[in-house]
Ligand code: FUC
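Here's a solo chain for you in structure tokens, the form predicted on its own.
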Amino acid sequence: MSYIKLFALSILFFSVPQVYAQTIPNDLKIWFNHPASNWNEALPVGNGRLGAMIFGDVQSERLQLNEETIWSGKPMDFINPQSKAALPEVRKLLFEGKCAEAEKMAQSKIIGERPDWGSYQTLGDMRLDFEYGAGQEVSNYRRELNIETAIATTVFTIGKVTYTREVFSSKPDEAIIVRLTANQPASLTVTVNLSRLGNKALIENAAAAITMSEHVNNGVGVKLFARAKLVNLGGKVGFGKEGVRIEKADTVLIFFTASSDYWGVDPAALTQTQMDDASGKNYEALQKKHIDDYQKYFKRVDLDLGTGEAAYFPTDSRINAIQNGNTDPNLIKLYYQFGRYLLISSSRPGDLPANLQGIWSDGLSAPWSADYHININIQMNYWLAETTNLSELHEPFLKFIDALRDDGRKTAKEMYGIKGVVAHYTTNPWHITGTSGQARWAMWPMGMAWSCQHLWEHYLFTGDKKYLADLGYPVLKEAAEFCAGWLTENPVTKQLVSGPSISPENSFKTKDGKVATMVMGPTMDHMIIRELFQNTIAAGKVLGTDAAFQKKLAALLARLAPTKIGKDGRVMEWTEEFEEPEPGHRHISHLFGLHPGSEITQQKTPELMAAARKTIDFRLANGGGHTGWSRAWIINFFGRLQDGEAAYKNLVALLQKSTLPNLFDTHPPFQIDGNFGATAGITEMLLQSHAGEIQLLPALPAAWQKGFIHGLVARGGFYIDIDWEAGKLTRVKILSKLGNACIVRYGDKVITFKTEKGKAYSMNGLLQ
């Protein structure tokens, strides 16, 4: 932005008429005063599985459509048949310090060669081409997404006619619904059509209806089916090659349904049933049902960080202002709640989990296939689920982890000769657990073990023993069985270590100057395994089962190589203090124990806390945090380090450097984990419960002098409301859902008290 533009924007920020001082507009709207010029300015709607990006062009509206199961590819097996025999040889080379030689052998004899396994794909486009009177200018244009109602609206005036478009994706009715209106009768003339990239879809137009079908990727993928139906009030309907045309109508409703055969159901029949159900209802009833369904999740958490006049200005202008040093607490509130909006809109019970792009992706080949990277990305997608009161939306990921077990057992046995379940760095909707690609990211068998943390966390927040017995514990046990068999003794230290493995995607220099990635005993592996064993033991005790297995895991824990601090005071990433070719690497894997793990806490391991601080400072000093998701992780790190100023600084940096005009996170390109991770990070700044106590405002920055957050959830089943003024706690309300004992910390003040199930407890800033 030029100096002149910045000066003009500053004038705008300080020249809002005082008459509006008491009527700050709804600050939970993303809005623009122009149509989207590209996909990164379009606005997303979704019902968990069915989504659209809305562009808002006056003449030709585009809805870019997605359905969560539209994937090319198929189930496949690419396990290297030499893997099992090569494992001891690779370990021997690593123990001898021959890292480069070991990596070469692992590349050829352990890592598989994966054929193209496909990608998440766009479902297609819906186009709405409008006809207006000639020579009239457009005025009063506004395009917005109201994240309180999950409705996208475009409004503008041409001549004397004001046109309004509303779009939402309804979960109760499993349809995208579009309403077109004008404030004068007989003003709507529009042609609607469906299309799909590749020109291979069969598209058929009929009276006020369009269907689209295709067997994706020339038959190597799912079979999709989509329907659009138009209902008009006034005017007349026609159809042809260009689509369905409605002429001179008062109101037009468009219903859209879509599915595939991924779940084993005929998509043509399913979408017909959905269409009949949705289109048989009036618009007001559909909209109310949608809002009620959405708000039962969204309204659980309310955040206030202070008000400001920035809410009067378009979202892209506010992002520009942040980039030039302006403060905007309302924008942070909007960004926080947008993260929750995105999870509600891309992860509903019974659906697939949110992928690298949630459900919103254009094109037939998404970045990184938009698949399920389980070396941090999908985990980050769900960090906010429990704490921000969206526990049910965690379910798609939890059930997905469970679904990995069948292939995971096969991979563990055939690849390594070990009992239990294993998964590597990435998977897809066919739950493939083998590994392929370069060793620096592929030789890492901890994807399942890390994912299992979410299974135990869900229990800690909900106390649901039936879930733990039926789903959580069985998966924890099998993952722990694999890790128990995977660990091997270091011949020098006699400690148990993991390997061959890596510190995800990072590398080091060996003593002879070679760049390598593989070692025996990377710190992150041990942090993950330590937490997995501890959680499995705890789960077994809750259920009163497997005492012998608990004893076995406890014995292994006692021999597991510990987390070490290097000579420079940092947490060691590998077994030795290697020189790092990328000291600002985006992955900061050896701080897993700080976040999302709970090994490193101020209460129990202050020396590791100090080492973690030096570790993150070193990464940032060397350019770390340069991707959106990495910066989001850093916010969580500083939250756990209880440094509110550093956490806030990195939150602002995320908005400045890694946020697109529509508030999507960018890796680059768009990748949704940064949105989810940042919402989780803001929550960590205001409430923590991972260290056995509820800690209030542990990392409150000076920028948030007054505010509140209501409806957060702490481990142990506690629902928390927090208010503060002048940077100090003024009130906390704690509702006990399970009746557990409660330990609360604010600063140096700690209180412990028993609770009754269903009873609320209120305290002031002195915890009295």
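Since we're looking at a predicted model, the values are computed, not measured. When you see a residue number, it is the position in the sequence shown, counting from 1.
We do not show the form predicted in complex with this ligand, though everything after this point is about it.
- Residues placing heavy atoms within 4.5 Å of this ligand in the predicted bound form fall in a single listed stretch, namely 373 to 381, out of 197 to 205, 373 to 381, 684 to 692, 487 to 495.
- This ligand in the predicted bound form comes within 4.5 Å of a heavy atom belonging to R586.
- By the criterion of a heavy atom within 4.5 Å, R440 is excluded from the residues contacting this ligand in the predicted bound form.
- Taking non-hydrogen atoms only, Y283 never approaches this ligand to within 4.5 angstroms in the predicted bound form.
- Under a 4.5 angstroms non-hydrogen atom cutoff, this ligand in the predicted bound form has L356 among its neighbouring residues.
- For the candidate set F637, W629, F482, F592, a heavy atom within 4.5 Å of this ligand in the predicted bound form is found for exactly one residue, namely W629.
- Comment: this ligand is not present in this chain, but in the predicted bound form one of E386, E144, E395, E505 has a heavy atom within 4.5 Å of it, namely E505.
- Using a 4.5 Å cut-off on any heavy atom, the one residue of 670 to 692 that reaches this ligand in the predicted bound form is Q671.
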